[in-house]
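This document starts with one chain, in the form predicted alone, laid out as structure tokens.
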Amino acid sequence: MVELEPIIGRYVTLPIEGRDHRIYFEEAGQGTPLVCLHTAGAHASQFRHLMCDPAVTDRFRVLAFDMPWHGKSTPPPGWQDEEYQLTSDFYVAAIMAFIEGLELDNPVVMGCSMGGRVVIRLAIEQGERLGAVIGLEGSDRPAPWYHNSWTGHPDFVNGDFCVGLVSGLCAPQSPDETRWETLWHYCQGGTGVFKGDMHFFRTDSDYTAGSADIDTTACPVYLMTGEYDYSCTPEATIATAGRIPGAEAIIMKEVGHFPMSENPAAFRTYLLPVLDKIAARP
């Protein structure tokens, strides 16, 4: 008899900025809600290893959703007549619509890359409603690791091109199987979606003006970055933590930009102690 994984996938329709969006999400486990946000141009499958880890799911209800236009989430009606472009306001509205729609009480929000950036704004504006935020490969400002001018080139919308762009962000120690699984997520991206995410990541996500105001006694902030990440460098993560009183920066050895998918075994050794701290809070 085959063994079924514990992951359950479902759809929910949520109003975001006045339009209904059909959102796909997966979940596993029970306990404190842990909402996971995928990277730019990818989808929630990046967190499948986390959802199959009893050390996590015995205490946390892990939920990961595909942002609109990503993965199995349907673009809104009329998408064919518009250009997708992710803004900071829409991103926060989508996350909060998911939390409120599923009536998640005091959730922990963990995001990677663009998801690791947006948790800073969530902590600034919604900290009293959250149990904690965990920013994977996250900082409070864009880093100029490449110039935006060539994102308009026709090849940029191609999934294979995105794979080539992000492949160097994986650590050389990452197992071949999970490294290629991570890159496959980018092969599946819709036309123009990665480019649209870059609008947020490169030009609409500077939170340095408010990061120092985060109350980490109400909403703890953990920033976890791989030593091989040149998109969000360890130095940028440490600098961000320095601007947030009480924030903790953790630099992960032998890990790149996609810790939860490129090397889940190494990632869990860093994540589990953080989850222990969160679970121990009143």
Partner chain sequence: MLETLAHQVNENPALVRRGAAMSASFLIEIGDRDFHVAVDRGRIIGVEEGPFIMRGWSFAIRAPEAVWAKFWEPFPDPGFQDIFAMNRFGHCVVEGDVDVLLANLRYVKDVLAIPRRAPNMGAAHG
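Residue numbers count along the first chain shown, from 1. None of the values given here were measured: they were computed from a predicted structure.
Same protein, other form: the form predicted together with its partner chain, not shown, and the subject of what follows.
Visitor: Since only the chain is shown here, I'm wondering whether residue 161 would be in contact with its partner chain in the model of the complex (any heavy atom pair within 4.5 Å).
Guide: It does: once its partner chain is placed as it appears in the model of the complex, residue 161 has a heavy atom within 4.5 Å of it.
Visitor: Please run the contact check for residue 168 against its partner chain in the model of the complex: heavy atoms, 4.5 angstroms, yes or no?
Guide: Heavy-atom contact with its partner chain at 4.5 Å: present for residue 168.
Visitor: Please tell me whether any heavy atom belonging to residue 100 falls inside 4.5 Å of a heavy atom of its partner chain, as the geometry stands in the model of the complex.
Guide: Outside the cut-off, so no.
Visitor: Please determine whether residue 237 contacts its partner chain in the model of the complex, using a 4.5 Å cut-off between heavy atoms.
Guide: No, residue 237 sits far enough from its partner chain in the model of the complex that none of its heavy atoms falls within 4.5 Å.
Visitor: Considering its partner chain in the model of the complex, which of 143, 130, 92, 104 comes within 4.5 Å of it through any heavy atom?
Guide: Filtering the options by heavy-atom distance leaves 143.
Visitor: Which residue, 248, 215, 227, 58, is the contact with its partner chain in the model of the complex, using a 4.5 Å heavy atom cutoff?
Guide: If I apply the 4.5 Å criterion carefully, the residue I get is 227.
Visitor: Specify the contacting stretch among 70 to 78, 105 to 113, 119 to 127, 169 to 177, defined as having any heavy atom within 4.5 Å of its partner chain in the model of the complex.
Guide: In the other structure, the partner sits against 169 to 177.
Visitor: Heavy atom within 4.5 Å of its partner chain in the model of the complex: which residues of 229 to 252 qualify?
Guide: 230, 231, 233 sit within 4.5 Å of the partner.
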